[in-house]
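Listed next as structure tokens is one chain, alone, in the form predicted alone.
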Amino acid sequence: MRRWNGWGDDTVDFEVPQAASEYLAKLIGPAIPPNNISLEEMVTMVPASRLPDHRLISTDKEVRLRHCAGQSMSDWIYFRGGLVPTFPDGVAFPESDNDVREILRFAKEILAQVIPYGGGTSVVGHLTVPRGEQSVITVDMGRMNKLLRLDKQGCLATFQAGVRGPDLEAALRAEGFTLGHYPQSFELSTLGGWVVTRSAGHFSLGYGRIESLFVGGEMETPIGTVKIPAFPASAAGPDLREFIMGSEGRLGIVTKCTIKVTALPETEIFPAAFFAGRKEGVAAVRALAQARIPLSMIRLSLPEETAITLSLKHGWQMDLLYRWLAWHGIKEQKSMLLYGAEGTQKKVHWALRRAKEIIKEHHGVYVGTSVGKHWYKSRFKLPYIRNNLWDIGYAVDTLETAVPWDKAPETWKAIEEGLRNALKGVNEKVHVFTHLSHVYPHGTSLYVTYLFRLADSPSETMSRWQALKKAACEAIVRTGATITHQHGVGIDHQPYLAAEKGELGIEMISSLCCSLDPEGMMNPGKLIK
């Protein structure tokens, strides 16, 4: 069953190895396990619903509790500390476009606000229930999960927007196709959620980000239905897809998505290589991206992340790896590269051979595919470590951005320094590490993870996190990077959006929201004020 106060299925764990726990204690200090509130206690805090009865809406207290937030650090602190400030008054479960239209009409009649809910995996506050006198309806799209049409000749598939990643891929694979979109939240998140947050998957280098895969669909708004045909290309004015992508529920509820699909690959291979430091590794991945080799993935862990990643593994294989790398002069400050290729045997072997040549030119050491195979098998399990780290007293959070290549070193240095210094006033250390998860010929994303100790009280833990988030976001804005590469805006990034879009850009977005949602009932407070 889905965890009510953490990540994923409650039968899955990612135990923290003793060596990793000791490593963290050495880096930022020993931690004390927190006192977490129980589900039963939380349910008693849910107030009575303010909604009249409706056939599609549940007002059950536990159902409302399970739909009142996402997976941001503030959500975790609120949930585990028993501080959730607001709850939806009801949760709707539509099964068709007509149901969605009925829910929106009902909300409009009773002056309720509406929050679209996909997989509940937002890490930036998309699902936070606003405070106020108006009632709130959360619309869970999980029952709208069907494959509606598969055009094998045109390689297009139309799904209902509530389909989750594994179900989407299972339906396509049964017909010999794949979307190839695997965000970290793949097992829980939905197609509609990917579209409205401009998601990027592990293999976006090969398959493309969601904006290059989404070609049409439908969205129900408070004033009517927006329909976007799936043309191969069009010069008929502004592309309406761009209005839907990144809209974060402010314009309406996406109900159908037509996507590009690809024939299943004959083979997929994920090798690894190591470099003596970050400079060598970054130069190599930039060269790989600019060579436009048909790789599906390039991911470079900088030295700090490489160290903590390897600390999670043990055994004779790791001893052998360390000796092999040391023999090649790669020791403490090593950077780890994972890369991959998918497709025909001929295409994959050519791509990997050319990649290996570039890696060698940059003094990288190829170590085969065992590291890559391990990553591939466990890649969706890694977020579960958040649950276990919290239980022993550590909070772990992530943030990301993207910059041109010439600004990358300045940007990651500013973010990491900002995070490391953010809690000096309370004499707390922060461990920070970075990887390059998506690379482009002209730039790269930076994915930053940071760990800090939980405080004695949830409110103090919240203060620590807010200081950390503020320091990182200010560093991002100061260096001219984007406030978000793949997580969306939500509430957490909203104060910094104007620095990127400009005053006129924010006005354009606001005008569009007012046109489709004149009463301001759709996911208020997210993306823009």
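Position 1 is the first residue in the sequence shown; the rest follow in order. Please read all numbers here as calculations on a predicted model, not as lab measurements.
One more form of this protein exists, namely the form predicted together with a small molecule; it is left out here, but the text below deals with it.
With a 4.5 Å cutoff on heavy atoms, residue 450 does not count as touching the small molecule in the predicted bound form; it lies far away. Put simply, residue 119 is close to the small molecule in the predicted bound form: some heavy atom of it is within 4.5 Å. The small molecule is not shown here, and in the predicted bound form it never comes within 4.5 Å of any heavy atom of residue 342. Residue contact with the small molecule in the predicted bound form: residue 71 places a heavy atom within 4.5 Å of it.
Of the candidate stretches 363-371, 222-230, 318-326, 186-194, only 186-194 has residues whose heavy atoms lie within 4.5 Å of the small molecule in the predicted bound form.
Proximity to the small molecule in the predicted bound form holds for all of 161, 249 and 254, with the criterion being a heavy atom within 4.5 Å. In terms of contact with the small molecule in the predicted bound form, the residue from 92, 123, 359, 439 that brings a heavy atom within 4.5 Å is 123.
The listed set 444, 199, 411, 204 contains one residue whose heavy atoms approach the small molecule in the predicted bound form to within 4.5 Å, identified as 199.
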